[in-house]
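One chain follows as structure tokens, the form predicted on its own.
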Amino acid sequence: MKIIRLISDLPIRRKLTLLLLTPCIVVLLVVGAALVAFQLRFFKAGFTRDVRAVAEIVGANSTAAISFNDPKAAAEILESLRAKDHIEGALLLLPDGSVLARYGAYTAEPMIASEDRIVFRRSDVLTIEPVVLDGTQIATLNMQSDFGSVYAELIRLIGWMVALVALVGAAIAALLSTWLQHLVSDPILRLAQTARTVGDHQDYSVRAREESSVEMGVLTRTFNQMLARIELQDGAITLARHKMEALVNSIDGIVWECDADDLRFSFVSRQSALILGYPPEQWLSDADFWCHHLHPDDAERATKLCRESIAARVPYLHEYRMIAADERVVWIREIGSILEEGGRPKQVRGLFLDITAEKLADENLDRLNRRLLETSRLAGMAEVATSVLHNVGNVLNSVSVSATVVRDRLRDSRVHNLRRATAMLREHDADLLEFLAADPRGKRLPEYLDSVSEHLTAENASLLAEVAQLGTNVEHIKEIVARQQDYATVSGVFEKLAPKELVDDALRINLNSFERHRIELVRDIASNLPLVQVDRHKALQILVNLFRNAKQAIDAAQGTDRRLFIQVTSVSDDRVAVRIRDTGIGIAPQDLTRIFEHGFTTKKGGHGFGLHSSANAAREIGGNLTAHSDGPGKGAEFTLELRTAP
């Protein structure tokens, strides 16, 4: 492991040199080992052939001495083995095991026969060679050779040769590897230097030099492409970071982050200096900055609420006061959320909003509300007065019409002609009989007086009817005023009335106006209608207002079709509908949704009180008022639904 760590810590140049040199040395060692093995094998085979050849020659030369049992001659023959330095000793053994002759220091056990003619032992070799004469073994030659020393000398020789070859090969390999590693290491080192420059200076515009080799060229191009993408991404990240910082610092509040354990702030936006007068550095340097700048009356409550929210791991919102750098009291609305890590609260992120102006506005609003309560009572009285004026105005129009009719008929009366007739009679008071009998004017005078009498009688009846209508309208005005006087404290009296009676009363109030404006009334009132239970005057107020609006819409259209349709039907077991449809100017679709709003009007000089008060009155008597129109120029239809009497 130490070797591996040591190699890992080497520079890439030495790693490449070691990478190239190690295989060469290993190959040389393997080849040297193979060469040694082959040399040893060949040496052993040659050594075996040599000792056997010597043994065969000595055995063949010893046949005569063995045949004549001449130990001296046999010893002389064995003495010839002195020419071989590696032969340490030899014996000639007769078939009975006796030694015929001996040479040297033979230390092995004598052997007459053996399966192996050559026996390799630890440090020597035994050769057992039978001596044969005419096909008969007459003796056995045992020859002991010093194989170990020869073998060791050979090993030393081969070892030096292999070491020399390995050394020369390693030197050549080192030179070649040193030269070759530059081809690989230099581009890599240049690429590493480029990477180091990028890392040290965070400059992603640097590019590595393109290499000519295929792999390094691909690697360099890929590295440059990676740098280009990183440069783009870094630019985008930097831009996004700047935008995020600008966004955070532009928020009308203090963005912050703190540790969930000790509430130490790790981030505070620049708005802290604008809102509270404390730059972010002060928040970050003091671990208890927030606690120290809470209002004394709110410090304990604010800290407790924050701790409880962190323990519960739920988002929270609460309000408290802080002391600004200029000693101002600033109301803060804190919005926070808890970030968890490993199942426990880790950080808290949130926003401090300055709600001082909102708090001051709330205080002002409370004061205004109290004033508004008082003012609303006056406004309610004004609303009632407006309704009274509008309803009285509707009835006064009919009063004005009736008064105009009485005035016109009195102005056109033939009473002055009667005065002329009486003056004529006074002129002829002395000869009245003769005047009536003979004078042509006197003869026509009785007939004329009779005609004038009839006309005055009819005129008197008509004037009495108009005066009665005036009385009815005046009485209705009195009823409206009286009802409005106790409107706020006493609910209206509900009566059971026939729907036709209500419609007739309302038409009667507007009848003269319809006649004067040449509006044709088309009535469709069903028979056997159930009674309705309503406040008579409120229902009459609604119908009078609807009839008046219909008349004005027909006048505004300036068309030849001047009709007003009144239909009264039963729409359900507990509802009767009064539909009033005109041929007037109609209502635009966008105005239908606002037609009953207070103050909304489409009429020039209108005030928008009539339909609003009529809709309210309809709800107060348990009914409902709706409007429909197919569009401008197509008339309008208003439907008043009234509740039937139980």
Partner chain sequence: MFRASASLDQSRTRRCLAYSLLWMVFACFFVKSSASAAEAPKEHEVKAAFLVNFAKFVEWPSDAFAEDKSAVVIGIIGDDPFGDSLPRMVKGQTTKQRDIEIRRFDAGEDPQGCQVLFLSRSLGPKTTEVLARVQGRPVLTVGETEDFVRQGGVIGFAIVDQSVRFDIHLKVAQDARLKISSKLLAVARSVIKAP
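Worth saying up front: this structure is predicted, and the values here are computed from it rather than measured. Numbering follows the first chain given and starts at 1.
Below: the form predicted in complex with its partner chain, not depicted.
Site residues 503, 524 and 645 are none of them in contact with its partner chain in the predicted bound form, judged by any heavy atom within 4.5 Å. Contact with its partner chain in the predicted bound form, defined as any heavy atom within 4.5 Å, is confined among 91-99, 299-307, 459-467, 264-272 to 91-99. Although the partner is absent here, residue 109 is not a contact residue: none of its heavy atoms lies within 4.5 angstroms of its partner chain in the predicted bound form. In the predicted bound form, at least one heavy atom of residue 133 sits within 4.5 Å of its partner chain.
Although the partner is absent here, residue 68 lies within 4.5 Å of its partner chain in the predicted bound form, judged by heavy atoms. Using a 4.5 Å cutoff between non-hydrogen atoms, residue 326 does not count as a contact of its partner chain in the predicted bound form. In summary, among the residues 116, 515, 447, 203, the only one with a non-hydrogen atom within 4.5 Å of its partner chain in the predicted bound form is 116.
Contact with its partner chain in the predicted bound form, defined as a heavy atom within 4.5 Å, holds for exactly one of 60, 592, 577, 31, namely 60.
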